[in-house]
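Single chain ahead, by itself, as structure tokens, in the form predicted on its own.
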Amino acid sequence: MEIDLNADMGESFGAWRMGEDEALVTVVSSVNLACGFHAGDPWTMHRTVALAVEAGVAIGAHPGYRDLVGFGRRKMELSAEEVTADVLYQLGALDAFVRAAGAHLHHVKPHGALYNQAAEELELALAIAQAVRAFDARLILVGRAGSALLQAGTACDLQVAGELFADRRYLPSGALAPRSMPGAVIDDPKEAAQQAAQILSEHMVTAIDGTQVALTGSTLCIHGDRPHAAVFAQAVRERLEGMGIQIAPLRRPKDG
């Protein structure tokens, strides 16, 4: 069995520092890099791309709403055309640094409120998928397992990947529990590793209310903006490898 272990990175901005990028990039198999809207700036993008290339991990874009103050976690009401344009803009910005480093973009995973809204709203999801297809139809579109974003990606003839979460609790619906809900964020690396192990071995997750929810996917996320993210990623990786599960980037058809 094989699973991609991904993390969001490059979310610093100016003098403000976020995450443990240098440590985290050595543990995961792919990274999702902020593109300057919810976080990130040209120097951070340049530096983080270099880290990813040196580590040999797959590089993905992590576009979000234009909301530096709210870290892209606040819902915004934009037209489909505006969303498509904003995503295209961000993909182009990150791709410049990736190409300059002699690498290529591998996937796209929306951030924060944009990700969560697109999981439920098909029109918004289609706006994102259409931007990805227009930019490069070879890119993999990553979205929450079972979400409208995956449906939209498939409709746009993109390869899609359902995302699972090790360090967040789920609602009985299969959606992530809101961060405002007590217990929504898992604060113990061993608990995160246990949740990852349960999902991959049983294709089920224990929701925040104790019910069992069916869940499958091909990439597993550790949030890079959380405290001790590298410790969490290492705990999850060791647990999964101990089960005989290989950690490897998502495979595109042409990659074999």
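We number the residues from 1 along the sequence you see. A quick note: this is a predicted structure, and the numbers were derived from the prediction, not measured.
Separately, the form predicted in complex with another copy of the chain exists; it is not shown, and the next lines address it.
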{"property": "Interface membership of Asp187, another copy of the chain in the predicted complex, 4.5 Å heavy atom rule", "result": "no"}
{"property": "Contact test in the predicted complex: Glu11 vs another copy of the chain, heavy atoms, 4.5 Å", "result": "yes"}
{"property": "Contact test in the predicted complex: Glu82 vs another copy of the chain, heavy atoms, 4.5 Å", "result": "yes"}
{"property": "Touches another copy of the chain in the predicted complex: Ala93 (any heavy atom, 4.5 Å)", "result": "yes"}
{"property": "Proximity to another copy of the chain in the predicted complex (heavy atom, within 4.5 Å), stretch among 40-48, 194-202, 208-216, 55-63", "result": "40-48"}
{"property": "Residues within stretch 88-119 having a non-hydrogen atom within 4.5 Å of another copy of the chain in the predicted complex", "result": "Leu88, Tyr89, Gly92, Ala93, Asp95, Ala96, Phe97, Arg99, Ala100"}
